[in-house]
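In C-alpha cells, one chain follows: the form predicted alone.
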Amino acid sequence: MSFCFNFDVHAQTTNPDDVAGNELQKGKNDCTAKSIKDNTKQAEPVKEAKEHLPPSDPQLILTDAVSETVTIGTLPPLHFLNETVFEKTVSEREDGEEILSRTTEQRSDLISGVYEGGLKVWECTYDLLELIEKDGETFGGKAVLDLGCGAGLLGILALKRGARQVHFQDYNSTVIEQLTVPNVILNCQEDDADSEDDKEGSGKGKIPEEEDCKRKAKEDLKEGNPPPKKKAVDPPQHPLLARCHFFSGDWSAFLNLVLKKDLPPKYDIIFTSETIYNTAYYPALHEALHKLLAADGLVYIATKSHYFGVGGGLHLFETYVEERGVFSVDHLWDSEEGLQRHIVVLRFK
C-alpha cells in the first residue's frame, strides 16, 4: 500500500489500544536491561487466535485480482496481490476488523494493537529471500512457520521448494483471508503461462500485471470462461495447498491454540521479518519461538537496527534474548548503508 510506516503511533491516534505504544515512547531513550524488562509487558488485550480454512472455491477468491511477481536469482517466481489495490477497493472488501478503512483514513501502515502492517511487503523480506537464494536452501521435508507472515512470501518460497508443512500466522484475520490465503492459492496454480511471463522479470524488481490482463479476465467471465491465470483446483486436491495451515491472532494466543492440537507442531525453520519493532511484543515472540522451534531448528529474523517512534530494533532484541539464555544469536548478513538492516539466526544453546 502507498502508505508510510509511521511508527510514532501515539501521534496518529488516541485509541486506547495504543496505550502500550505511548508508554514505550516515554522510555525509548533508556536502553538498559532493566528498562527492557519494564517495557516488555504483554500488550492488552490479547487478540484471540483462530485457524482459517482455505475457501471452498479458490477460483472465486482470485476473480479480478491484480498480481505482481518477484523473481530473485534462481528462486522460483513468487506471485502476490498488488498492495495498491487494497487501498483503492476498501469499500468492496469484507473487513470485520476495519483495518482497511482505518489505515486509509489515518494514512498509516501501523496502528498498534489494531493493524500490524501485514498488507505491505517490507524491505527486510526481500533481504531474507536474497540470502536464501545465495545459501541454496531447498526446505526439503521440513516443517516451516512464517510468523507475522503478511503476504507470506517466505512461507510460499518454502512451500515451492519442498517443505512438507508450512504454517502462516499474522496478527490480522483480514490479512490472512484477503492476502495470505489468496497469495498461496495464486502460487499453487498450475499455470504454465506464468512461466513464460516470469522470464521477462528477472532480478529483484516487482512486475505489475497490465491493466489489459484484468480487462480480458472480466471478458472471459462474461463469456462463461474462467480467467486464464486464475484457475485453481479445490484445496483438498492440490498437494501444495494441502500442506498449509493459516492462523491469525496475537502470538501468545496463537501459541496456546497450536499447543492444544493433538500433535502440537515443532518447526524446523521459523521465519519472521520486521516483527521486532516493538519491545512490548518481545515476551510473546520469545515464548512462541521457545515452545515451537524443533530441537535442532533455526529461527531466521530479518530486521532493521532501529524502528523510530516505537523504539524496538535488533540491539534491544538481542539484549532481551541474551538475558533469557535460551537462544544463541548469530549474524548472517548486515547492510552497510542507510538505516542498517540485518539478518540473524537463532538456535537453541
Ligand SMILES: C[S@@+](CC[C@H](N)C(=O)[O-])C[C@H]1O[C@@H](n2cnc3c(N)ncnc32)[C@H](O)[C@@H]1O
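All figures in this text were calculated on a predicted structure; none of them were measured in a lab. From 1 onward, residues are counted along the sequence shown.
Omitted here: the form predicted together with this ligand. The next part is about that form.
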For this session: Work out which of the listed stretches, 73 to 81, 256 to 264, 129 to 137, 166 to 174, brings a heavy atom within 4.5 angstroms of this ligand in the predicted bound form.
Result: 166 to 174
For this session: Would you mind picking the one in T103, T125, Q178, Q189 that has a heavy atom within 4.5 Å of this ligand in the predicted bound form?
Result: T125
Exercise. Would T275 count as a contact of this ligand in the predicted bound form, using a 4.5 angstroms cut-off between non-hydrogen atoms?
Worked result: yes
Exercise. Quick one: does L145 come within 4.5 Å of this ligand in the predicted bound form, counting heavy atoms only?
Worked result: no
For this session: State yes or no: in the predicted bound form, is some non-hydrogen atom of V121 no more than 4.5 angstroms from a non-hydrogen atom of this ligand?
Result: yes
Exercise. Does at least one non-hydrogen atom of D268 fall within 4.5 angstroms of this ligand in the predicted bound form?
Worked result: no
Problem set entry | Heavy atom of each of P58, F86 and P182 within 4.5 Å of this ligand in the predicted bound form | no
Seminar exercise, completed: Applying a 4.5 angstroms cut-off on non-hydrogen atoms, the residues of 243 to 268 near this ligand in the predicted bound form are G249, D250, W251
